[in-house]
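Just the one chain here, laid out as structure tokens, in the form predicted alone.
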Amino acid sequence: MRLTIKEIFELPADGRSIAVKGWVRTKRETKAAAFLEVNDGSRMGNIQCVFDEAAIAACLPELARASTGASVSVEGSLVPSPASGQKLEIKATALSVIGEAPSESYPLQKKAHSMEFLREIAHLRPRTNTFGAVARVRNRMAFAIHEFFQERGFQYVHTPLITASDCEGAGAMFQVTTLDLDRIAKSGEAVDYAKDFFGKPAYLTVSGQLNVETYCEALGRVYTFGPTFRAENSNTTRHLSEFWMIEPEVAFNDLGDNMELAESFLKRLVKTAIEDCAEDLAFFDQRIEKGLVASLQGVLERPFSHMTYTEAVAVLEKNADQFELKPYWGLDLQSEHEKFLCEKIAGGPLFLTDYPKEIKSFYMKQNSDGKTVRAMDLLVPRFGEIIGGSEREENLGLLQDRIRELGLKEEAYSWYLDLRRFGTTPHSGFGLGFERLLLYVTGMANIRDVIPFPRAPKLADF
């Protein structure tokens, strides 16, 4: 395997022969020298390749082709760099252009490009500093998620992407069918799902939670981490139609245990980002969100605060003049309310608990007051809600009553109800949207910029 630029920067600049392959970020030429900045994606920084007069003469045809974006192979010796901000460079002796990128047609030239423009060329935007950094942070965070759970004895469960039940009871689901719906519509016939591939209506999953609960009730500690889908017509900076979810579930855990797990989980991910993605986070701090690293560091410094939904609404009502949407008990709190609570009241991450049952999902355990459920949301500064979870209703009768109350089809959840019929246990879990985590740790403003190929209403390119 060839050495990456990240690995080369760990070597001493002792004049050893070296070869680097990557893409040209910039080219600068003077009468006596030429400079290529080459990047291979392994780190934020480039490696500078310097061609003296003799090397220019030997490589002149290739230097002419080595424009921004071209893929190249450079050979030379690894020497100390006299330039400030870099400890080494390559004194080049040979250059080969592997793939040209003509400057008249290559869209990524050395200038600032808007995020909107870069979304139009999502197949090329990973070559920019910003999206290369996002990709590296996304990679490290994904691995850290598995590390966290595997170290704690959790089993990783692959839950299905195709389902016949709606976890959230919201109905915003993508249908999966092999029926010729155009032909059926033109014929005027009724749709007969008995003739469909699965013999019934089927959809892309909105959550792996219900399925992973079945393994929780057998293996104890489990988690799923995979793609989920929502057919909501939401064109916002925080919504996608396809995104990734992390959903742990633990048998015999109550709401307090669930919050302890969520706090440990978020702190571990933030700590990993700070320590292992320092170069990329420094870039985000400088270019994207000033004060990002200090804000993340604050997450690690003290225990998270706790407040009930009812207590939170009372605080919000006292400050109602500060909000566009006036708070009241029963309101599904908005981002402006959540940020106010954690930034102005708690001064850091905050757990809100015991929400009105009307604004939460059917599977959440009901409190004895008959009005609230044992739900929890974790709110963080700059962002608002980042984790949502609950203790699950383990009582068969209460769960059936709630399903009927919401007008859901009980037969679609027969297998889920069996978990309460046979060896039921208290259990709890939560969900963390992976892309929302990435928004938080990178400071990026739009969720479409932290996933390689965003899917949203009218957006399914690439």
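Since the model is a prediction, treat every value here as computed from it, not as a measurement. Residue numbers here begin at 1 and follow the sequence given.
The next section is about a form of this same protein that is not shown, the form predicted in complex with the RNA.
By the criterion of a heavy atom within 4.5 Å, I451 is excluded from the residues contacting the RNA in the predicted complex. Within 4.5 Å of some heavy atom of the RNA in the predicted complex lies at least one heavy atom of I387. Taking non-hydrogen atoms only, K186 never approaches the RNA to within 4.5 angstroms in the predicted complex. Although the partner is absent here, K409 sits far enough away that none of its heavy atoms falls within 4.5 Å of the RNA in the predicted complex. Annotated contacts: G85, E232 and G431 all touch the RNA in the predicted complex [non-hydrogen atom within 4.5 angstroms]. Residues with any non-hydrogen atom within 4.5 angstroms of the RNA in the predicted complex fall in just one of 306-314, 273-281, 234-242, 348-356: 234-242. Listed residues E394, E62, D40, E37 were compared with the RNA in the predicted complex; E37 is the one with a heavy atom within 4.5 Å.
Of the candidates F117, W329, Y156, F198, F117 is the one whose heavy atoms come within 4.5 Å of the RNA in the predicted complex; the others do not. Looking at 12-31, the residues that come within 4.5 Å of the RNA in the predicted complex, counting any heavy atom, are T26, R28, E29, T30, K31.
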